[in-house]
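Read the single chain below, which is given as structure tokens and is the form predicted on its own.
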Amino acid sequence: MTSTSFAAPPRAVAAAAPRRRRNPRRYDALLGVIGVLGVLALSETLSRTGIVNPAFLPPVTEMYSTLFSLLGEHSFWVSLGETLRGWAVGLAVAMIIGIVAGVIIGSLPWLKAATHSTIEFLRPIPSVALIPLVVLLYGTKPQSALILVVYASVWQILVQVLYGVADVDPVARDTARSFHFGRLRIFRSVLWPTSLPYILTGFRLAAAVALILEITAELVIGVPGLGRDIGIAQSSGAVAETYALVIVVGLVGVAVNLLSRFAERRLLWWHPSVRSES
């Protein structure tokens, strides 16, 4: 028998070679891009063919043409900056209040029991219901939007922090106390690592809620920002500009979500939920 009789056929060798693994993130991103392009193409077709009245839904190409022209206007960037500043300040204030209040309330069982009913009563109240009150107090000043953003966002964070404090292992807490750890050290070594995933979840939820309330306050009350520009464009019949500004708000929302996810992955690199994604 010759040596060539034992050689595997080329097709079998190719079949035995390990398959190249598909990157799930790139695959999902590709599907997302295809989905967006499909929606844009459908919108353009509906408008161009007259199936939908172009007076109510302009072609996508016209929307983006208007958007690019807005990018060259100074007033657009001023409005964008005012919206982002209102969102960031409101979210930061809500984070501070939610974390501090959540840690204090969650660490004291009697205080948690005393405030439970109050929190459950205040939490479902929509922030938009407070619009008449804040208008009465501050009119169209940015403080009106700040109050609405903080009120709507703080509950997302506070509840998550309460969950995080309640999830602390009592054995670890008692062990730290048996070693005579001070309160600050117990907070840094035991409570904070357990609560951090909950805090970041609250941050991600609150970031989206804060943006929604900031735009709502600008649109309804007239606080300076992109929301007010949308209202002005809509009332003046500039339909394409209205859609262009709505697209900008949508892009800001996507950026906010990506930022919160990035912060979550960077700060929770050690957590199993994040390590399983990588």
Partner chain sequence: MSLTRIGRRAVLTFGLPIVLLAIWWVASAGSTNPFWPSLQTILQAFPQTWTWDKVVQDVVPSLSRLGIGFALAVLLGIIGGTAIGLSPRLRALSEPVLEFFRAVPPPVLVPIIALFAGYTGSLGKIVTITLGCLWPILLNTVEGVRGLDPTLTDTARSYRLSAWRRFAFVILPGASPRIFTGARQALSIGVILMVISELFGANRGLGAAIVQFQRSFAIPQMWTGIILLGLIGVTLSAIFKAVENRTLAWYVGQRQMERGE
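What we label the rigid core is the largest C-alpha set whose atoms superpose within 1.5 Å from one form to the other. Because the structure is a prediction, the values reported are computed rather than measured. Residue numbers count along the first chain shown, from 1.
Quick note: we don't show the form predicted together with its partner chain, though the next part is all about it.
- The single option of Ala172, Leu196, Val128, Leu108 touching its partner chain in the model of the complex, heavy atom within 4.5 Å: Exactly one residue meets the criterion: Val128.
- Out of Val100, Leu137, Ala88, Val78, which one falls within 4.5 Å of its partner chain in the model of the complex, going by heavy atoms? So the residue touching its partner chain in the model of the complex, by this definition, is Leu137.
- Message: Please tell me whether any heavy atom belonging to Ala41 falls inside 4.5 Å of a heavy atom of its partner chain, as the geometry stands in the model of the complex.
- Response: No, no contact at 4.5 Å.
- Could you confirm whether Val223 comes within 4.5 Å of its partner chain in the model of the complex, counting heavy atoms only? Answer no; every heavy atom of Val223 is more than 4.5 Å from its partner chain in the model of the complex.
- Task: Report yes if any heavy atom of Leu133 sits within 4.5 Å of a heavy atom of its partner chain in the model of the complex; otherwise report no.
- Result: Because a heavy atom of Leu133 falls inside 4.5 Å of its partner chain in the model of the complex, the answer is yes.
- Close approach of Thr115 to its partner chain in the model of the complex, 4.5 Å, heavy atom: Within the cut-off, so yes.
- Item | in the model of the complex, residues of 226-264 near its partner chain [heavy atom within 4.5 Å] | Read in sequence order, the residues that approach its partner chain (within 4.5 Å, in the model of the complex) are Ile230, Gln234, Val239, Thr242, Tyr243, Val246, Ile247, Val249, Gly250, Leu251, Gly253, Val254, Asn257, Arg261.
- Under a superposition restricted to the rigid core, does Ala55 display a Cα displacement of 2 angstroms or more between the shown form and the other one? No, the C-alpha position differs by under 2 Å between the shown form and the other one.
- Rigid core superposition, Gly250 Cα moves 2 angstroms or more between the shown form and the other one: No, shifts by less than 2 Å.
- Query: Does Gly237 move its CA by 2 angstroms or more between the shown form and the other one when the core is aligned?
  - Reply: No.
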